[in-house]
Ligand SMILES: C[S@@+](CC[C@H](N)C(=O)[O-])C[C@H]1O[C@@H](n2cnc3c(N)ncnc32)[C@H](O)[C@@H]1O
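Quick heads-up: it's one chain on its own, the form predicted alone, in structure tokens.
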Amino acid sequence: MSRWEPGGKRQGQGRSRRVRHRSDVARKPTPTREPDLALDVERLANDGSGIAHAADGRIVFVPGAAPGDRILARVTEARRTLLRAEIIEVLEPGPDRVQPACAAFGRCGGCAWQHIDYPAQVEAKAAILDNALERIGGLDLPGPVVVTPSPEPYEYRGRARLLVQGHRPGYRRAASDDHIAVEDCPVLAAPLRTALRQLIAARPANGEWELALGEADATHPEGVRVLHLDDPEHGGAPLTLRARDHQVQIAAGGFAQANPLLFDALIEAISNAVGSGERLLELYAGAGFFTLPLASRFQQIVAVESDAAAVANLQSAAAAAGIEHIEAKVADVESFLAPGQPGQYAASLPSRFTPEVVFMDPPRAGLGHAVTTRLCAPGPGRLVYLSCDPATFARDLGHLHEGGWRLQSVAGFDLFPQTPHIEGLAVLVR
């Protein structure tokens, strides 16, 4: 995902949840005199590249390659154990190679897999999640990782961040600051594709813009919000998202799940995972997209979110729905889970509140060592963890396993077709 690729996760409604991985940063290629290579592409890496092996055994990462391809590649970076290369020519296409739908594919950093048939993308994402959990987390999986595909591989995105330069909307080139102007974006939901064309025609002001799709209302009669986020006066009425039988308000620039086609499936899976009971603790709750649907399953919910605007929206949505047993707290999760008094799970929790279940949907950086350590203290009997990054997901699950938790189940959800990104959902028990 490039810096401007739409839909990156956010810590709250005002701060980006995304962290920069090494693969995101433009590298300075090491000068190389390596010869061109004829390669057989074996599989896909979690950064979207194809993986092959050179004759000397070094692993080769090749962007734009598809499994089964026979390619001629030029080495762009050489290290002791690996090479990075670019395709000179596809000598023989693999069985899963298809024609990309977007004219900007290969230049725009938003999508990396439009050249791969969608069923093969889903299969590759299951393997990426499986490999991360076993290799990074050191976990023995309870069964095969099953990925729920998006109902549509295109026109699925309900949110987009665009960068406008020279009054031309676009995205960033992958691992680069280069601006790529676009005339269309086929992964956007149809109303947002229309909004993008209208924005292009309007020659918008330079800076960052947001397109978002929600429920039609008086403020957004087409359900579409178009905002210039770099304009300090942009304001913008909250966008309404439907979370099952509830409505949630998302402030300008706020985080929300980006694939409306999978909203119901994701809520259903999380609801089944948390079960029901008396007390639920939700961490990184955002504006309550999952909190409100879970309210009917528990007698008391404490929802923790660091962004005050998101918490205000959660409280308003709960009040509008007549839900009185959600206590929303503005707090940093690590501080919130600081050790409390004897018998308490955290000092910040209400008196006599020991959660039976903890549900968490952290930023791309994951939970981190301090949070997983505190989750290993005596307290809940079940953890449900939704993650958008396989590497940090696996790291955290490995630490929780060392602290006495057992991985009961894991599943994937493909919220981002045409990209290597995959959402993971894990259930852990004592």
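Residues carry their position along the shown sequence, with the first being 1. Everything numeric in this text was worked out from a predicted model, so none of it was measured.
Beyond the structure shown, there is the form predicted together with this ligand, which is absent from this document and is the topic of what follows.
Although the partner is absent here, residue 333 lies within 4.5 Å of this ligand in the predicted complex, judged by heavy atoms.
Taking the partner from the other structure, this ligand in the predicted complex has no heavy atom within 4.5 Å of any heavy atom of residue 50. Residue 150 falls outside the set of residues with a heavy atom inside 4.5 Å of this ligand in the predicted complex. At a distance threshold of 4.5 angstroms between non-hydrogen atoms, residue 286 is in contact with this ligand in the predicted complex. Only one segment in the set 142 to 150, 158 to 166, 82 to 90, 298 to 306 has any non-hydrogen atom within 4.5 angstroms of this ligand in the predicted complex, and it is 298 to 306. Among 64, 67, 362, 380, the residue placing a heavy atom within 4.5 Å of this ligand in the predicted complex is 362. In this stretch, 68 to 102, not one residue has a heavy atom within 4.5 Å of this ligand in the predicted complex; the partner itself is omitted from this view.
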